[in-house]
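Have a look below at one chain only, the form predicted on its own, in structure tokens format.
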Amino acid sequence: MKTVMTAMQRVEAALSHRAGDRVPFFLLFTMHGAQVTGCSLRDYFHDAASMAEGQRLLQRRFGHDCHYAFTYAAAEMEAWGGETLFVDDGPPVSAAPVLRSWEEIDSLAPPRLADSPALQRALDLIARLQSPDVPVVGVVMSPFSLPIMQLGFETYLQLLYEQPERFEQLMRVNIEFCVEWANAQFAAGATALCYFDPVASPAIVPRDLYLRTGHRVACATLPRLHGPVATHLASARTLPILDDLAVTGTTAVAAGNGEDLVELRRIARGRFTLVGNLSGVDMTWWTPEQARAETRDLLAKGGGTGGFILADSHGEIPFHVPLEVLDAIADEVRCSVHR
């Protein structure tokens, strides 16, 4: 009979490519905590104590193997002087880009973490969630993908192709901010971080361009971080650049939505841990029976030998996913122990 592990032990085994008592699974909640604490999303995201309570209540109910200390992506833009738009039933989003012209890059400097209430709340949340038994997972936007919010998508892609010197300057500034923000989260008690880098996906930029830009940025950034990192492309395709990601210093890689988990596992085995591959969008209309079937299929393809963590493919479970569907996923993982 297998010894029952703590969530921390289970995740450490997966990251070390060892089989644990079962496959670890992450339910990456950002908004559901507001539901279980009875808060509006705006109030919830402005109070570290409420967010910590929400994470604990959810982990107690579902038994998943982490506390997720991600608040919302636009929090980083608030540090740069941006504004966040809050809605009642979805994730907060950035308002207008903080950089109105390419010329502003020339004098750009990283913001001070201490001056950002949003980032200080996230650090407070991490400190409140510290536990020897449950990993705390934080999030940092990659320097290469952050300009989507700094400049807007179209303007950033134009910069990438047409202004190589300003692109390099922006990357220098963003790398310094990313390193400081990531290491502040580790110092606050984060066990590991998601390094969100969707622009790295060949679904957005060609691989040869990525190798000249975002790949260089990742290789310059990840070795400076003070803990393990999972590279996450926010459900975008990873397979064509999986070998490239393996040499950046990442500990884990999140599979893209709908990608072939068997093929990804073949490439990842012994090199990095694979995370995935439940579809957060599809979860919104799954029945509990469908949730069980999808979970069972992914466990069969990815689990059992270490080096795999079951999670959604986007890095954030949508607000409208029913709790009963998530109950079914959690129950199926627990039932897998006895098969």
Partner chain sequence: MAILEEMAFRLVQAVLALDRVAVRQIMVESMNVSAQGGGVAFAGDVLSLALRTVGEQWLTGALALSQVYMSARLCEQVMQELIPCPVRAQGETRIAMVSLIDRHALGKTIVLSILAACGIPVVDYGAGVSVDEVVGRVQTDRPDVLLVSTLLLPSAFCVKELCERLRALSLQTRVVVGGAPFVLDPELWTRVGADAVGYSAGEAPRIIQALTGLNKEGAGLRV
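No experiment lies behind these values; they were computed from the predicted model shown. Numbering follows the first chain given and starts at 1.
Separately, the form predicted together with its partner chain exists; it is not shown, and the next lines address it.
Listed stretches are 176-184, 244-252, 86-94, 129-137; the contact stretch with its partner chain in the model of the complex is 86-94, by a heavy atom cutoff of 4.5 Å.
Between the options Leu261, Ile148, Leu108, Leu222, the residue in contact with its partner chain in the model of the complex by a heavy atom within 4.5 angstroms is Ile148. Contact with its partner chain in the model of the complex, defined as a heavy atom within 4.5 Å, holds for exactly one of Leu123, Val98, Val205, Ala192, namely Val205. Residue contact check for Glu165: none of its heavy atoms lie within 4.5 Å of its partner chain in the model of the complex. Using a 4.5 Å cutoff between non-hydrogen atoms, Gln290 does not count as a contact of its partner chain in the model of the complex.
Contact between Leu57 and its partner chain in the model of the complex is not found at the 4.5 Å heavy atom cutoff. Its partner chain is not shown here, and in the model of the complex it never comes within 4.5 Å of any heavy atom of Arg18. Contact check for Tyr161, Arg237 and Thr284: all three have a heavy atom within 4.5 Å of its partner chain in the model of the complex. For the stretch 317-331, the set of residues having any non-hydrogen atom within 4.5 angstroms of its partner chain in the model of the complex comprises Pro318, His320, in sequence order.
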